[in-house]
Every structure is written in structure tokens, then in C-alpha cells.
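The chain that follows stands alone, in the form predicted on its own, written as C-alpha cells.
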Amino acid sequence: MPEVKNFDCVIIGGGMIGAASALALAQLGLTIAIVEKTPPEEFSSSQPLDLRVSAISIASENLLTQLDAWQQIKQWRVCPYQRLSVWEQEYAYTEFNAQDIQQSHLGHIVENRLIQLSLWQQIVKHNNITLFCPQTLTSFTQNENNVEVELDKITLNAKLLIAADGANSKVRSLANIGITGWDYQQSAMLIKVKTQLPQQNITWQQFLPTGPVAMLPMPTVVISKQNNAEQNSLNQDKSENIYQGNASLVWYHQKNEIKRLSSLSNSQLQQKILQTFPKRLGDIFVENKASFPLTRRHANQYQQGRVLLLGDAAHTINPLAGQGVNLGFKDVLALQTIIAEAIGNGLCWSDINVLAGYEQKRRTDNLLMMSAMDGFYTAFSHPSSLLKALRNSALFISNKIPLVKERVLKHACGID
């Protein structure tokens, strides 16, 4: 007989959204189990920057602060940005500034692993959270009042099962929850580079006929002896340049072209970037790269009885505006709020009608953001010269109307 352990909530997936969910619900006094295959790697200040990063909004920063994780993340390394810009033609260049909404910054570029690691460091401080790692979900069975979750030689009994196991969610599949979505015709390449320019305070995106190119500023890294030797090696290759900063570049293109670009050596890719990206990028040195297809997925429902989907398990979005993980953190906050209100009102927080409030609170907002990004993507990828004139005119006009810019910016930052 497998060992049986009882919890209020079992969370499948200990990534950024799963770990944040655990802390958010533990703060309400619930007992939590997290099931995860792989723990995050420990941090060292001399580690190279990761390829996988997120643009953390002010709203997400506030949640991470509430969970006592942001304080540590800031001590490690983050890159704040005060401005973001978008353009196709130079005359339609549109820039958003934190000063427009009376904020010190619009967000931070942070490595995903560091967010997860900081959340895990808080998790181990909570007596009401238990980590099952390395472990994987085998199956689960719903009953009227509980969910029985089967792991390897362990059964977890809970009132709520949360799927935070990503876009290819096994929980979603086992629950027979369908998805609506499609694959876009493009892929994206992430490219980590050193820059001749020092750390910048702006993110930008230019739309080219072949797809957007974007730049996210990255934090500086403490130079160890080994890193210093690598830096000297870089500067020997181009003695006239001193690479002062770091950046994450995003290059959207047709799938076959991204595949071809991925096959290039770093030095060959470097030349292609210098030929294609705006001159404001300055000189660069390619360090690492990876690519992924662009997809949209939206679960047909976020709830099935005592099973809830959060984050990428519920929705994946076009990454144009970097809203993916921020929508996931909004899911976390919404679920915490729903359960806290039920507890405060003397209701049974695990009643499936109470839990239904989570989907009611989040589905429309997620769908609106997904549709907005699709509309933006479609409008800027269409080759029509008339549409090109219209979209550039729209950018030009919006740049001249402060109220429009302020409204868009507040929504993107999650503070409206």
C-alpha cells in the first residue's frame, strides 16, 4: 500500500507560478504540497546570465514582495527599465516612460531561474508547505470532497489540485480539459549578447517586414577571475571595443529562417544581427542562443471540480509584450483573493462554487490580453501598404495623446 499524506492543496509544478501559488495559499494558513521533478540551481554572482528571462511588471513585483521573494531577487541581480518603445517607421516612434504614470520604473528584466529559486528559499521556511522533489504525477482521482493524487509510492489526499505544470500540462490532459489555439507562422530566437553600450534603461521593439526584433537590457555581472579572462578574450577579438553591458535580443522570423539562423556560429549570427537590428543597439558579441515556436493555447475551462489550472497550464500568449508570466502571477493573486474572501466570510473555501470564482475573475482578462496581442501581431505582420500606413499613423497619434499612453501603460504594468 502506498503511503498516504493529507493536505489542503496539492500543486503540480514548482516553477515560478507553482511556487508563488504555494506561498500565497500558505499565507492563508492552508497546508500545501508541491510536486516537482527538478529543483532550481543555486545562485552564484559569477554565473553567466540565463537565456530565459521575464519582464516583471510592477504588479508582479508587488506580489513577489508580498511573498518575501523580491527582496532576495533584487540582492542577486535585476535590470530595471524606465522606458519602452515601439516603432515600425521612425516617424511613428512611440516611447512610454515611467514618469508618465508617476512611477520610478516600468518593470525589471529578471532571469526566470532566480525568481523560482527565491520563491523556493521562502518555501522551505514554511512549516505548512511540503516539497516532493524529485517526484512526478502518475494519476489523480476526484471524489465529492477530495482529490487523490498518485505519485511514485505516495498518495496525496487534498481538497484542491492546482495545475501549474506548464503549457503541456499533464494535469490538464488527465482532467480531459481541451484547449483552443493555434501555431503562429513564426518562431522566435532568444540571443544573449554583450553590448558595447553600458546597461540601458529601455526595452524596444521594431517591426520589420519579416517580423519584430527586440532588445531587453540585462544586468551587469560581477567579473570573477575566470570571467575577466573571458572578457579579455572578447576584447582581443575587437580591441577597439570594451563590452560594458548585457542584453537579451529577440528575433522573430519565419520558422525556416529561424532554424537557419540557429545553425549559424555565434560569430556568423553576430554579423547578421548587426546587419538587421537597429543601429541603436550598438556593437555586440553573441554569447548564447536558443529558439522556440510561437503558439497560442487557451484552456476551454480553468476548473474541473476540484482541479484548477494556473499560468501556462491555462493560457500561453504571444510573447510580443512579455505578458506571459505576469498573467500567471495575476492568476495566483486572484486565487489567493478568492480563497481569502471565503475564509473571511466564514464560507468553506474548498467548495467548488467558491473555487469557480477564480475562473470568473481571470478568464476574461486573460482572453482580452491574448486577443490584444494577436491583434497587434496580425496588424503589424500584414504586408498591405494601406494597413502599414494606418498602423504607423495609429502609433504616431497615440504618441501625441498622453491619456491614451497613460491608460495603455498602466494596464501593461498591472496598476490600473
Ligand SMILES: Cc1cc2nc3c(=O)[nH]c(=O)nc-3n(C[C@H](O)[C@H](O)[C@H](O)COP(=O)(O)OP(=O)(O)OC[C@H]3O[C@@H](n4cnc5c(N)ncnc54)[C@H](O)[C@@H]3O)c2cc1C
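Sequential numbering from 1, following the sequence displayed. Because the structure is a prediction, the values reported are computed rather than measured.
What follows is about the form predicted together with this ligand, which we do not show.
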Practice prompt. Work out which of T94, Q116, Q205, T195 lies within 4.5 Å of this ligand in the predicted bound form, going by heavy atoms.
Written response: Q116
Practice prompt. Select from the listed residues I129, L84, A214, L137 the one whose heavy atoms reach within 4.5 Å of this ligand in the predicted bound form.
Written response: L137
Worksheet, complete the sentence: Of the candidate stretches 355-363, 64-72, 22-30, 47-55, the one with residues having heavy atoms within 4.5 Å of this ligand in the predicted bound form is 47-55
Practice prompt. Consider L156 of the chain shown here, and say whether it contacts this ligand in the predicted bound form, taking contact as heavy atoms within 4.5 Å.
Written response: no
Discussion item. G166 versus this ligand, in the predicted bound form: is there a non-hydrogen atom within 4.5 Å?
Written reply: yes
Fill in: is_contact(P319, this ligand) in the predicted bound form, heavy atom dist at most 4.5 Å
yes
Worksheet item: At the 4.5 Å heavy atom threshold, is L190 in contact with this ligand in the predicted bound form?
Response: yes
Worksheet entry | Within 12-35, the residues that have a heavy atom no more than 4.5 Å from this ligand in the predicted bound form | I12, G13, G14, G15, M16, I17, G18, V35
